[in-house]
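Presented below, as structure tokens, is a lone chain in the form predicted on its own.
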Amino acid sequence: MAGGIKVQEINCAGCANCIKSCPTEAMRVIDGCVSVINELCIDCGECMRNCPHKAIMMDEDEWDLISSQESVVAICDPTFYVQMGAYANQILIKQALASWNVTDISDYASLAFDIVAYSIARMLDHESPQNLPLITTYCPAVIRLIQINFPELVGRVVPVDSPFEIAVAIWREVTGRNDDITLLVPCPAKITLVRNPVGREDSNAQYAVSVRKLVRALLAGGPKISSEQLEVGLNNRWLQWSVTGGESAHISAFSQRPLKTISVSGLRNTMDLLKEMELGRLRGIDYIECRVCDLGCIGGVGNAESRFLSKSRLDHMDINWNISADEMEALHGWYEKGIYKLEKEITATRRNPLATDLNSAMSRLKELNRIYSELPHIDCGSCGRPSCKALAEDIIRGQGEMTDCIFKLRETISELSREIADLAEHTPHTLRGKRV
């Protein structure tokens, strides 16, 4: 069950714009208000982009409440560091957060991203060609999309944990601290990464707050910073993961051979690429990098700034892809500990069955196909469902009626009108004259 979005019912106009954009048909408009089927939602944020009434929003935690604590530990998505021209350096942002008593563990995050890239490169170097390409696990929405819509591809997903989880685990091991962790996220999918992670029982983080909220607070000019330590640089390779192609470039930097990768962004492009892969048309490719947001994570609905401006900053950033011997030694040490491994195998998401036993399920499936054959097959959304197939399934499950379809309703009304007209012309035999 996902949990990165919520519906503000008072703002919902029941317009059904959102249901057509959902890639897994997880939304319905019933009684004039949208509802979400949680087990089918991948938290991609497409419904938020297409809602003109702002009725769907990110279900983030309250930053005001979190920041009221004496000490706050935060791990930030790389998009956070390219959102603000006023804070053009990671050190400046760390200082700004520190002035609010917020500990930014970005140095551990940069190490964790290196570990993930190193681990995937090792897998690609040793994997047999028939098992390639492998698919990224970085975007939680992509993983859930594969689990629901492309279950045949689940075995191609790299069994590597999120770099955010790895960063927190390393920070706790090194410092011995056990504070609650707040993850700054650019999208609802990464809220779900905290509340319902894939591949592990529980997340190492406890709270999720949007990048937008903290960026606006920083730009308001509250924190105090200095430029005394700007010469102290941090590894900025990991910041490239916020834009399409950055992950593949990072992995290629650790690979022992030239890698053939494909990087796409946007929900439509991602689905097209996964369909091509499902059909076996991507032979010769080593790695697939997908992001459901346009241009990558910088296009997330939880960001504050234009994705185009953020990309411009990243394009002009001086990135050091050369890994030093000391860095390699540290990476190999953590790799040997297996800190990158997922706790659980990623499996396909099983949709709710039509019935508990096989015979009943087959009977209901036959009835579903019969109902579907009587529907107009134009998927207009007027019934509050994303497709005629979805309406047929809802009817079988007792969650809808045939007359929810506006075309079937008109047919029913027409039939009733004809019956009423026929009845109006009918005279009871007691009122008829005698037969001659």
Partner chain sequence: MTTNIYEEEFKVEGGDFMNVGTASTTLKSSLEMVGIPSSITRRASIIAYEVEMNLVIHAGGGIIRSLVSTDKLMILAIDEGPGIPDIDLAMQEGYSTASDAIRELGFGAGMGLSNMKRNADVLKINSEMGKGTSVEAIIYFTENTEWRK
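Positions refer to the first chain, counted from 1. On a predicted model such as this, the values are computed, not experimentally measured, just so you know. Each form is matched to the other, and the largest set of C-alpha atoms that superpose within 1.5 Å is called the rigid core.
Below, we turn to the form predicted in complex with its partner chain, even though it does not appear here.
query: Looking at 89, 255, 149, 269, which has any heavy atom no more than 4.5 Å from its partner chain in the model of the complex?
result: For this set of options, the contacting one is 149.
task: May I ask you to choose, among 220, 279, 174, 309, the residue with a heavy atom within 4.5 Å of its partner chain in the model of the complex?
output: Residue within 4.5 Å of the partner: 279.
- prompt: Can any non-hydrogen atom of residue 283 be found within 4.5 angstroms of its partner chain in the model of the complex?
  reply: Although its partner chain is absent here, residue 283 would touch it in the model of the complex, with heavy atoms inside 4.5 Å.
- prompt: Taking heavy atoms only, is residue 85 within 4.5 angstroms of its partner chain in the model of the complex?
  reply: Result no; residue 85 lies far from its partner chain in the model of the complex.
- request: Evaluate residue 389 for contact with its partner chain in the model of the complex, applying a 4.5 angstroms cut-off between non-hydrogen atoms, and reply yes or no.
  value: Residue 389 belongs to the contact set for its partner chain.
message: Is residue 153 part of the interface with its partner chain in the model of the complex - any heavy atom within 4.5 Å?
response: It does: once its partner chain is placed as it appears in the model of the complex, residue 153 has a heavy atom within 4.5 Å of it.
query: Among 364-372, 33-41, 47-55, 61-69, which stretch has residues with heavy atoms no more than 4.5 Å from its partner chain in the model of the complex?
result: Of the options, only 364-372 has residues within 4.5 Å of the partner.
- prompt: Along 370-405, which positions have a non-hydrogen atom within 4.5 Å of its partner chain in the model of the complex?
  reply: Those in contact are 389, 393, 397.
message: When the rigid core is used for the superposition, does residue 352 move between this form and the one not shown (threshold: C-alpha shift of 2 Å or more)?
response: After core superposition, the displacement of the residue 352 C-alpha between this form and the one not shown reaches the 2 Å mark, so yes.
- prompt: Taking the rigid core as the frame, does residue 37 move its C-alpha by 2 Å or more between this form and the one not shown?
  reply: No, residue 37 moves less than 2 Å.
Large Cα move at residue 370 between this form and the one not shown, threshold 2 Å, rigid core: Indeed, residue 370 is displaced by 2 Å or more.
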